[in-house]
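Heads up, the chain below is alone and in the form predicted on its own; it's given as structure tokens.
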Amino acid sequence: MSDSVHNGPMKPAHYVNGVFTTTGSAFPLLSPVDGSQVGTVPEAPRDVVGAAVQAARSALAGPWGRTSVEERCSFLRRIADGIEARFDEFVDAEVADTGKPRELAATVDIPRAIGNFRAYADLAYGRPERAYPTTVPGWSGSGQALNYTVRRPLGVVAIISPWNLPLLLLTWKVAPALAAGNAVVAKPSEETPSTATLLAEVIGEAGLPAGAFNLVHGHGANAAGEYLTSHPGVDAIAFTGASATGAAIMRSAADHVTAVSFELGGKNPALVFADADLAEAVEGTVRSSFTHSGQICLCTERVYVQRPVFEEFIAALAERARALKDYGPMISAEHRDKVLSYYRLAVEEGATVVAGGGVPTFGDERDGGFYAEPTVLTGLPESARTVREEIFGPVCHVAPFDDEDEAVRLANDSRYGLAATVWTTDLSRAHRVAPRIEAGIVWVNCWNLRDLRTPFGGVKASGIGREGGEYSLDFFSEPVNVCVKI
């Protein structure tokens, strides 16, 4: 099937060299809220992916490759303005694809996507380079030179983004990649194609040269994702998603020695000390465990509470979890079934279910959707699969600890190392504990408070490299030393 659309797509469509097309077989797009089919998505065949990569390479050899940083930053600001002008459309698309509460999309996902383009425009425009006057004894002539650095784009960048924060995490990579002068081929999750297609419309309206940004839809393994990440014309890959998928992409990238930046999974700990503001720690843990039904890589799944306040904390957390009403579904029936399988596994492993543990009943169309109850568990050993494996759902396991060293040891006893939270009113303890935790980001008395200028990423199985601020601009470009003899 081939259907070229020149005035913007009415449904998810590829965007290749400035033209929308629905080439490829279609697969259904389902609503996570009630399970109904709300549309179809085209599956990009290998030749469409290849055409997108070639369009990107041609853009680098054409007008896009000759743009100045000032021009690129101007494009980014126009894209931000374009998203803002169509704010409600983006919110509608985000909610339709993910099923998340509208308030979450309207206050987090879409505003942060707009902020990504504006922040990277400012960062790229104001970024200095370095120069070194050099004197070397024994040179002929003056023995002097000027060494300075310039940065050049990597080339064609493949961006693979996930379904949980579709627009936010796509723009988190697209904005710095474009600011650095790269040409982009993006593939969003097959579960959430709509805001990416709207973004392609806005980018086209902003006047970006054809081929500078391209979009292909489809699945991962043996499909569009694999076609893209294994393509020899791709110079770098930026991926957010599961650790196992990241490992597969790395194996493929190794064949061409392709640069990679990975933000992968997490099994994030929270440490609640006895001196913490307990009410604040409970509310913070509700946010960090159950926001977007736990479908955020930064969500807390392991909670360690100092023994003197353990019983009080778990009773309060369970009460809050049971009281939650306005929460969204799992992204798909498959993912819901995975989460529910861990609920069953937890019981088999000996857990006490103090809240949730099943499927909610609403008495409306949501009963046909993909929901799982916010769940609080306790009583499992650290060796339990439920404690060690990433679930990516609205669930946390709560266990006691006795002292600071034990808390740090428990937090670090994981193959993951993405994020952690520490709850304490002892400022010295906060500064002692935070650097000892093996994670890319540690929040103290808060969660998911982000500054776009700071580094973001994980250690161990949680990722490679850092994104955010200059760290993203560093990844998406390479420094070149120019030495001029004087």
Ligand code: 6OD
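In case it trips you up, residue 1 is the first one in the sequence shown, and so on. Being a predicted model, the structure only gives us computed values, none of them experimental.
The same protein also exists as the form predicted together with the named molecule; that form is not shown, yet it is the one meant from here on.
- When the named molecule is considered in the predicted complex, R450 lines it closely, a heavy atom lying within 4.5 Å.
- In the predicted complex, the named molecule lies within 4.5 Å of some heavy atom of N164.
- Taking non-hydrogen atoms only, L169 approaches the named molecule to within 4.5 angstroms in the predicted complex.
- Remark: C297 counts among the residues lining the named molecule in the predicted complex, judged by a heavy atom distance of 4.5 Å or less.
- Contact with the named molecule in the predicted complex, defined as any heavy atom within 4.5 Å, is confined among 53 to 61, 26 to 34, 423 to 431, 450 to 458 to 450 to 458.
- Of the candidates R366, R320, R112, R118, R112 is the one whose heavy atoms come within 4.5 Å of the named molecule in the predicted complex; the others do not.
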